[in-house]
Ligand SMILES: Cc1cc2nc3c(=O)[nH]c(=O)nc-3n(C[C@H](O)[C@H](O)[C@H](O)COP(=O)(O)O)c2cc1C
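Take a look at this single chain in structure tokens; it is the form predicted on its own.
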């Protein structure tokens, strides 16, 4: 990292060339993507879905570890209540970073800390950031409402980042709407130790994203996402009510938005969602993406994406030179 303007707590902690973490997107970021991101000099993470088995986690962590570089794992705290074996598998794998977010994460900190693991959690407002610091979290992910997938829809990335940085002393990663080197430069300049990036990696060749989903994502514009609970309700997913998701708007959403109570009782709609996922019909099926989706123009390798994000160093140098 000698000579770079992007040397931060994150790069020093994990020996990274670029202060970027690939968000642990369940269904997209498995061991192959995590390994590719870490090989490229950022921190790759395996995203663990609510129903993932401990055996799946073990396999994906082995694939990720083949990179010979630090990797992480992301867990959903609410899902651990019903699937505690996930935590056991992560502890056995011993990744460099474990994120536990969305639900009662603090109860799992003693075991993770006892194992010597670095732990992150995602926050969507200042109150959550204060609570995370008090709980002893090692790094806070300040996720603004622009971010794709699940989270809160209360504060945008820049207002949230500024207030969190002014309030806590814990290292802070910025998340939500960061898709190019310009975004990385902005948040590092503000004082974040790095960027937590998801959408920019959705169409990577190493991601688990299907061909049909890639085409839909690449065609999306900057106004094509929506924050909603429609897809969770339609799919009968157990996400807590306070965490909706940002996804591509489609016909199913438009039909049911504002009628969520009716949707919860409509068995035919639930079956429609199941069938749509099986045949990859994204007029009905959910496709998570953040507001940075319009920055996706083609399929790239993870190394290509990391290289673009790394150009933040050049932007910072030009700014410093006037």
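Positions refer to the first chain, counted from 1. Model, not experiment: these values are computed from the prediction.
There is also a form predicted together with this ligand; it is not shown, and the following applies to it.
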Exercise: residue 206 in contact with this ligand in the model of the complex, heavy atom 4.5 Å: no
Contact of residue 30 with this ligand in the model of the complex (heavy atom, 4.5 Å): no
This ligand contact in the model of the complex: residue 48, any heavy atom under 4.5 Å: yes
Distance check, residue 302 to this ligand in the model of the complex, heavy atom within 4.5 Å: no
Contact test, all of 11, 19 and 98, partner this ligand in the model of the complex, heavy atom 4.5 Å: no
Among the candidates 202, 187, 71, 90, the residue which, in the model of the complex, approaches this ligand to within 4.5 Å (heavy atoms): 202
Position in contact with this ligand when the complex is considered in the model of the complex, options 197, 160, 132, 192, heavy atoms within 4.5 Å: 197
Heavy atom contact within 4.5 Å of this ligand in the model of the complex, the stretch among 248 to 256, 106 to 114, 168 to 176, 227 to 235: 168 to 176
Residues from 207 to 221 in contact with this ligand (non-hydrogen atom within 4.5 Å) in the model of the complex: none
